[in-house]
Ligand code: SPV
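What follows is one chain in structure tokens, specifically the form predicted on its own.
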């Protein structure tokens, strides 16, 4: 009997899928490769239904003989394993990233004379409306929170990039890179108090109140679907934090990070060059417990930021605090450093992991920027936050254009450093 191979990644099985499986069964014994959660997330959006559940659904469809995992967007590994006579696919894979997938599949199939058969892509107005609704629903608060938890549960290093307004958030949402056939993109968005202050021309001392920051948050929520981690500075007074965390949860934040300092908040990278004071362990634990009592969603994360290494209080103090904060209910620990190498971060992570293998660890490698992501992951770190880079990039670019116009007494020369108006307009299409 002839062998047929096809790949499915979808959460939702509809008439088009049933039709193509039925057609595939006419050619022979059908093996379906179900794309892994990691690759669905990289090339489409994070699946709502897990890989295991998707496989169970597909193996119970009439016409499917075998179901296996496809651990790459490219078919190579599974094709060499199954050696099918045919690949069945919709004719919608002749453009975008799928074009390369098809071309590589064709080269592998040629090794044994296999054939690719394309089926007309199923079009349905009702289905299009449903898919549009499903896409929009992925930006709903609980979907974002669930997505962050899923990424952590899969053991991936979660990559978070800062956004300071709707436009920069669109960059984080859409930008991706292709390297050696693998697509990379950011997993979520960081709302930094430093950036929220700076874009208003104000110092980073918790001067910009929560109401103002929430307006910016809502602008970002409106144009994105990725999880949002909110920099809540010290969290303020315990009595205020109980209400603020409710507000942040309600408006759609996936996780809040609060730092264990008291008094006038100053940027951590200033360290002891300015007057900064660390909160007492018991008082900060009380703030954590108060915050956790206020949270409704089981997916919402409260992450405690340990400032001991920043304030040169020592490694033992950092570890003591981290374990105490976890005991108080923190869903994660952010460990911060202003050293130029990641050595003390690695030491902290290794010692923390020797006693706690589950609680997520978060780092912000602004000062030790030479570190690679795979090095962080090797030391048990779960989330890396690039905390201010888009704003830092925007300022010199804008300054360069402004200076060019002043120097040349016209805007012609500055045009090479600017996007065209057409590109700007096409960046944000009408729905």
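Here the structure is a predicted model, which means the values were calculated and not measured. Numbering follows the first chain given and starts at 1.
What follows is about the form predicted together with this ligand, which we do not show.
Work out which of the listed stretches, 234-242, 188-196, 287-295, 312-320, brings a heavy atom within 4.5 angstroms of this ligand in the predicted complex.
After filtering at 4.5 Å, what remains is 188-196.
Which pick from 267, 143, 92, 299 sits with a heavy atom within 4.5 Å of this ligand in the predicted complex?
Going through each option in turn, the one that passes is 267.
Under a 4.5 angstroms heavy atom criterion, identify the one residue in 344, 173, 165, 204 near this ligand in the predicted complex.
Exactly one residue meets the criterion: 204.
Heavy atoms within 4.5 Å of this ligand in the predicted complex: does residue 35 have any?
No, residue 35 sits far enough from this ligand in the predicted complex that none of its heavy atoms falls within 4.5 Å.
Do residue 305 and this ligand share at least one heavy atom pair within 4.5 Å in the predicted complex?
Residue 305 belongs to the contact set for this ligand.
Even though the partner isn't displayed, in the predicted complex is residue 226 close enough to this ligand, meaning a heavy atom within 4.5 Å?
Judged by the heavy-atom cut-off of 4.5 Å, residue 226 is well away from this ligand in the predicted complex.
Given that this ligand is not shown alongside this chain, does residue 387 nevertheless sit within 4.5 Å of it in the predicted complex, heavy atom to heavy atom?
Yes, contact at 4.5 Å.
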